[in-house]
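To begin, one chain is listed below as structure tokens, in the form predicted on its own.
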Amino acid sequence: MGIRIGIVGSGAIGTYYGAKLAHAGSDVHFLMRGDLSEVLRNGIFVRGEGENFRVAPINCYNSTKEIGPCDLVIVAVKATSNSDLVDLVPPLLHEQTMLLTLQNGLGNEEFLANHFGAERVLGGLCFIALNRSSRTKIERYAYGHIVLGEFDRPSQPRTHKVAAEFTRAAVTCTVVDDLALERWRKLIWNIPLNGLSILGGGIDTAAIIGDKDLRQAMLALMDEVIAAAQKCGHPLPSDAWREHVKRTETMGAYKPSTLQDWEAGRPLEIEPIWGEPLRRAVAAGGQMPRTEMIYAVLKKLDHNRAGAKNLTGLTGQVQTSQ
């Protein structure tokens, strides 16, 4: 018998992998609040090289209470919305429910463990280029695989069961025994490419890797992340940056997720991608000066924009009252 799967966070990642699982016959239930009526009416469309399909009808709801207990809950909300999970997740739990976070950066497994129990928590790293082009359409630009592991312990039989569910849906899924190591491995890409895309004025990966100075800055940041990981006890090889550069060269003009959030006016995932790695490196006696600079600038940009939005909102309220 298959497992009952709940999807919390129906952005590009949650919608794509949920749609892949549902298309393969898995029992998938989406939390979709703002997009509910349109998705119920039209389903979900996925397009990309080698795949072009529609999933309809869709099991989607505007509350987790309507979904009820699941065997596996896939958490794909932005880390900036983690506080919402405290209320959203409990209706989805039974005694053996697994919580799989597909979120970026460090600290998300710890958040789930602190609130719902470490024994429930798994983590997945998504290596894929996606964009949600409308409420019902997902565009996949490049490759796609998941690295899956347990929080703070080696893989378990259930880890392989979850991996098998993804594999059945034509998603390449690798199980690892050291999830923390793989988290740092992905930061080799996330810290420089997401950061430089915004600091460079809203540029894509092709623009970064094709510019001599920005490419050099990217490589220096990659080396810094590898050194920080090693300082924290995660033995990444010194040339681990090579696989990321090679992969980026195949992406084309892709806008990293943080740039997509910035352009859409959404809060940025600054703490898990830059803040938490920096804090852990410093606590271990390391230094990340380039990452620290990006962290400081992004916090300032995000803070200033939030302040401008608040001011605009207040101004709008005053104008309305007049």
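Each form is matched to the other, and the largest set of C-alpha atoms that superpose within 1.5 Å is called the rigid core. Here the structure is a predicted model, which is why all the values come from computation and not from measurement. Residue numbers here begin at 1 and follow the sequence given.
As for the form predicted in complex with a further copy of the same chain, it is not shown, yet the points below apply to it.
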{"property": "Contact stretch among 202-210, 101-109, 117-125, 176-184 - heavy atom within 4.5 Å of a further copy of the same chain in the model of the complex", "result": "202-210"}
{"property": "Three-residue site 290, 295 and 301 fully in contact with a further copy of the same chain in the model of the complex at 4.5 Å by heavy atom", "result": "yes"}
{"property": "Heavy atom within 4.5 Å of a further copy of the same chain in the model of the complex - residue from 142, 146, 77, 214", "result": "214"}
{"property": "Candidate from 92, 129, 228, 221 lying within 4.5 Å of a further copy of the same chain in the model of the complex - any heavy atom", "result": "221"}
{"property": "a further copy of the same chain contact in the model of the complex: residue 196, any heavy atom under 4.5 Å", "result": "yes"}
{"property": "Residue 71 C-alpha shift between the shown form and the other one of 2 Å or more, rigid core reference", "result": "no"}
{"property": "Core-aligned C-alpha movement of residue 114 between the shown form and the other one, 2 Å or more", "result": "no"}
